[in-house]
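Here's a solo chain for you in structure tokens, the form predicted on its own.
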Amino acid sequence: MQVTGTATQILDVAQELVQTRGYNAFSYKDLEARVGIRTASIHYHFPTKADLGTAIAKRYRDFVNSKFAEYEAKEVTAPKRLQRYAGLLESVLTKGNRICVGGMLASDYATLPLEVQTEVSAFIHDNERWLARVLKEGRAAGELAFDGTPEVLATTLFSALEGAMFVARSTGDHGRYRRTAEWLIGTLMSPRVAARRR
């Protein structure tokens, strides 16, 4: 599907609705009111809500993967890469009290169309695989210190940060997310790296 200017506008608004309400809590009528085009025109670009949900999830997944490449190109150390990752999620939270697309869709997972579920699962896999690589490289470089495998820790870290977003939003205290992220990353730093930070 070729993404036109109108399709991009629809995706932008639909993504905001997913991030603030959830997949099941908006309709094409909501999009019609926000975008200012008829529902029939929205169906022209995205025949079904499953098509729209898949496009939202894939676009967001591509965006986050592009951030991974950016962090690897610009940030030399594993702690810095983890901090940038945590900051990415925080920037979503502070932009209109939103939740990460992947996390918000995951909260509706049982009721999502199969093709949207597939994208959500791929998003989670991408995040955990990248985190595991950063953790593995950081430990090998002596920048990080932790027990267990990087893969298990990556799933824990991803789950903790996504969960922290929901709690921070529900309490109206975005500082909860930052404190959680800082503590998690701080506990992973090797003694020599932690000493340099003091």
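Numbering starts at 1 and follows the sequence shown. Bear in mind the structure is a predicted one, so any value in this text is a computation, not a measurement.
One more form of this protein should be noted, the form predicted together with a further copy of the same chain, which is absent from this view; the next part is about it.
With a further copy of the same chain left out of view, the stretch that reaches within 4.5 Å of it through heavy atoms in the predicted bound form is, among 65-73, 43-51, 140-148, 30-38, 140-148. In the predicted bound form, a further copy of the same chain lies farther than 4.5 Å from every heavy atom of Ala14. Taking the partner from elsewhere, Thr77 is found to have every heavy atom lying beyond 4.5 Å of a further copy of the same chain in the predicted bound form. Residue contact with a further copy of the same chain in the predicted bound form: Thr94 places no heavy atom within 4.5 Å of it. In the predicted bound form, at least one heavy atom of Arg169 sits within 4.5 Å of a heavy atom of a further copy of the same chain. Contact annotation for 95-127: residues with any non-hydrogen atom within 4.5 angstroms of a further copy of the same chain in the predicted bound form are Met104, Ala106, Ser107, Asp108, Tyr109, Ala110, Thr111, Val120, Ser121, Ile124, listed in sequence order.
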